[in-house]
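Taking the form predicted alone, here's one chain by itself in structure tokens.
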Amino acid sequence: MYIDGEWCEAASGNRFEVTNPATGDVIGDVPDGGAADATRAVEAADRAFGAWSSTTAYERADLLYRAWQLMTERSAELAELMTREQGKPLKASAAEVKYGADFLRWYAEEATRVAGEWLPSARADQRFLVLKQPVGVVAAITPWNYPMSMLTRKMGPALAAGCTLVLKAAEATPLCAQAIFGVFADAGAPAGVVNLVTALDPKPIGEVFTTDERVRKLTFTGSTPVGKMLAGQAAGNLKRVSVELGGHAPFVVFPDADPEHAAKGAAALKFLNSGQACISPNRLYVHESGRDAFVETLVERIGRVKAGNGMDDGVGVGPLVNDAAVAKVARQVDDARAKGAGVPVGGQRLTGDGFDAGHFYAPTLVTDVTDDMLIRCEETFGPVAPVITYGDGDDVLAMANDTNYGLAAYVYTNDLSTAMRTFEGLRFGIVGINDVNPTSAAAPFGGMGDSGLGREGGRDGIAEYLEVKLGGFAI
């Protein structure tokens, strides 16, 4: 672990193994921390807060610039580590490293843009001054599916704002977290400003984060049930909270759109990270007039996707995170098949040479999905594309909004009015209009409803780490 500027073991002395999800091979081991380690890290962050929060915006920007440069220089080795530990294809890992580094560069620049303002008063002898200051010690909990970019997306704005932080890495991908903290250590982060705790059991760490009075903000990315639990505990102690949770994204293809073009976009997005992305399209709505062309294109595209070890050339889909994830995907597909859905491509766990030791599920297409199927209402988090056909009498906007989740949605149309009405009418935080990649370090990312609270990225992202202070001056 990395606490108070030093690499250290857990207080218990225990460690746990890290395995490659594609091969089952043990690739390393890390300290198995507990509540005492989390408390020690919070103490370090609290001690460092006074000095770090008093630095100039330019000093904080310099640290983030150095970290960005080092992450960029180490991009090849970071990508290889990610593929070994998380499983995604090497090309996708390289793209994530660049995306993660982008947050450091963006917030290096954003640090110098935090500004207050003068406000008018009705009194001639009064002036108002608004000042923005760092919220304090930040506790961050990050997921395994994007094991580097989800760290920098939180660390960048927190450090730019003048906060210190303690981060609990995902138990499946702690080596990636160690590598990112190595970047900050080598970039010259002062002792206690960034702290890393690794643990096989996250519960004791989360309890420290939500109850220790020195922690003033909690930021979490992960499942909706865990996010709700942590937010509830943190609210009891009046901590600032931002949580980025699950999704159940609709992908709507309107009758005027080219169904083949839309299908190519859906295929490219759906199988990114083996479908293990909160913004992955989970419900593909296509008008009956374009259904056949859409499905035929998907069959052809999905049939060409190669599953396997992410280190191998040509692999487009890597393993799922564990056997439980494979079982969940299989349960949804089997349920849909039993209730009358078609499965023209995939539909089974991959076995045999190169697959038996890992957690692989075939890239899959499910057609004729109906409302009574599990895959219609549950987040899949796997390489399965479910197609729902709608007709002229159906309100596809209402169908797309029929979920408690509200993270991402996608729309294909060539009509400007349809695009604008749908963009305004969808109850989702992110909407891609003929665009399957509506994300950037410069853009706000976050959802509505059960998909979370707050935003990460862009100008909104740094606001999550700032308090607003008002000064009233009588003159």
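The shown structure was predicted, so the numbers you read here are calculated from the model rather than taken from an experiment. The first residue of the shown sequence is 1; numbering continues from there.
Form predicted together with a small molecule: not shown, discussed below.
For His359, no non-hydrogen atom is located within 4.5 Å of the small molecule in the predicted complex, even though that partner is not displayed. Among residues of the shown chain, Lys168 is one whose heavy atoms approach the small molecule to within 4.5 Å in the predicted complex. The closest heavy atom approach of Ile141 to the small molecule in the predicted complex falls within 4.5 Å.
With a 4.5 Å cutoff on heavy atoms, Gly206 counts as touching the small molecule in the predicted complex. This chain lacks the partner; the member of Thr83, Thr221, Thr403, Asn282 within 4.5 angstroms of the small molecule in the predicted complex by a non-hydrogen atom is Thr221.
Proximity to the small molecule in the predicted complex, taken as a non-hydrogen atom within 4.5 angstroms, holds for one residue of Leu230, Val295, Ala158, Ala262, which is Leu230. The candidate stretches are 124-132, 213-221, 148-156, 351-359, and the one lying within 4.5 Å of the small molecule in the predicted complex by heavy atoms is 213-221.
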